[in-house]
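A lone chain, given as structure tokens: the form predicted alone.
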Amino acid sequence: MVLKAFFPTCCASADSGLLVGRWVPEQSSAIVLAVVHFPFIPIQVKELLAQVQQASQVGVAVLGTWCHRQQEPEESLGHFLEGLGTIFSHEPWLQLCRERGSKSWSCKAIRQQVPVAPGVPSEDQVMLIFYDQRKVLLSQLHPPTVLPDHQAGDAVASSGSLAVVFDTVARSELLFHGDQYDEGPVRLSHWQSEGVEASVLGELAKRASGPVCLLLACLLSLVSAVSACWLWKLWPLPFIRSKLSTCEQLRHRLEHLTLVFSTQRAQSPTQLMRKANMLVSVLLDVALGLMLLSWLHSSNRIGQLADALVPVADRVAEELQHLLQWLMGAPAGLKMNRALDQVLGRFFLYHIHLWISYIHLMSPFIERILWHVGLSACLGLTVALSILSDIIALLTFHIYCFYVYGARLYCLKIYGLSSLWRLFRGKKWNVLRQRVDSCSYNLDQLFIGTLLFTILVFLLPTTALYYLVFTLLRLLVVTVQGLIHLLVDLINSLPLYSLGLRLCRPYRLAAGVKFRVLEHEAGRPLRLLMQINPLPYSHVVHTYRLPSCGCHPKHSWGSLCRKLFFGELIYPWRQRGDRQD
């Protein structure tokens, strides 16, 4: 039988002693975690292993002996190490030895209590696998991707054996708290043998994180209580909050901050990674917002924007007036219904006149409004972009009104023509059963239906042209807002901490491992080096992507084209969970 022994590379130069680790009988694997050095008292070693086993719930035991002959030239040491198997009984008993003056290794797995048939060797073949203990401890193994059917079974078995190695090292962290310089009764060699890794700044941050999180949690709970006050539920405040992107973004950021500064510890590495991603996303958002704030308040750019806003609005209104005058004539040589054309054109021109009056009435306050909008960038770039989206919606409200008027009028005619077309075929729409049934009409009904059908057919081109023009303008505005919302969604949901971890320390996010052959000679154990395969960037984004309040296309392209053809109102970038009007 082939036995797999996972040996940490940090113990390759350790002094002789005992191999401490975990035995996995289902996989015939021995996971070495540390080396216990001389001198030691066996009862103290057993007490230490019992404490580690109780704290980590991992079956840690003495697996065998480790002999480094390059540092211990005495030949009698090997016989002494072999005799330790009677004190620390384990099946099988490993004997690892590094030859003096060479790079060759010897490894044996002896079974003493199992009866052996004549001619059958009492030693198992050993495959020695070296692994970097620090990287395995700090890494998080992710489940494998979906493979073809002929590889699925192998992938599950391989990932299961690797998961045991990663889980054993991660849960045995208590064993690594001591090093070889401790004055305790047991000296160990492991990845922190030269001293426990620590940082002064890290320790100060840990000490200060508790009070800071408690203070911020109290402030956030106060803000949440104020936002949940019954005054905000009075009409029309809920309706206005549901339509403004700024309110939705502030609510989303409040949820992020509440989760990040919660005093509860993360229950799993995934939840800890999610908190870190949220914290980095908020910090980057605020940093970008402060940069925007600094740019706006330098060189009086807010005043320049305020001076340019009113002329731009007048220019847009003037272009809309020219467009309506073109539609009231003979656009592209088309013959329009003059009466309906004049009514619609004057109706829309009157709305533009009202809009110009409204803009000039607000012009003295525009600079102050922009100053407060720029000041809100200290809350984050996403808040400033959401306010920009709402400002665009307010500045183009007349275009939205034109689109609604045109869409309702066009939709009315389309559905009227479809109903009258069913009348010609002797059909009607059954509202109760939601289907088309046969129906008999008298002569008067057919005459009125024919007259109305003719009127709607001749009026349809004029209505359709106005609807087409204002729909294109509305789609242009929606596209600009959609790009802003996608940028906000990118900042909100992009796992920046995970991507930075993948870039700087790729072993922290492990997708699997690969093995490199170190030695493969006859009469010696096969020696392999286990290396961590980092998780691809696309999988990092897919695995750790944060939930976002961003707006996404609600309809497919086919559904969108169908709604545009029938004149139904569309909201391609509405908030999630909102009901369509």
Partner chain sequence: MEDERSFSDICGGRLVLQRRYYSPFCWEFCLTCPGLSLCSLTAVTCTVCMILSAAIFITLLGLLGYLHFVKIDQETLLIIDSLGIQMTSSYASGKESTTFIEMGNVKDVVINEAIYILQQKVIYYLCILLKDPVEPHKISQVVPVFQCSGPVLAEEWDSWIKWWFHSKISEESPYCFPETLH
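Positions refer to the first chain, counted from 1. In this text, rigid core is short for the largest set of C-alphas that superpose within 1.5 Å between two forms. Nothing here was measured: the structure is a model prediction, and the numbers come from that model.
If you look for the form predicted in complex with the partner chain, you will not find it shown, but the lines that follow are about it.
Only one of 540 to 548, 526 to 534, 60 to 68, 42 to 50 lies within 4.5 Å of the partner chain in the model of the complex by heavy atoms, and it is 526 to 534. Among heavy atoms of V126, some come within 4.5 Å of the partner chain in the model of the complex. Residue contact with the partner chain in the model of the complex: A55 places no heavy atom within 4.5 Å of it.
The partner chain is not shown here, but in the model of the complex it comes within 4.5 Å of a heavy atom of F515.
Taking non-hydrogen atoms only, L162 approaches the partner chain to within 4.5 angstroms in the model of the complex. Relative to the superposed core, R516 undergoes a C-alpha shift smaller than 2 Å between the shown form and the other one.
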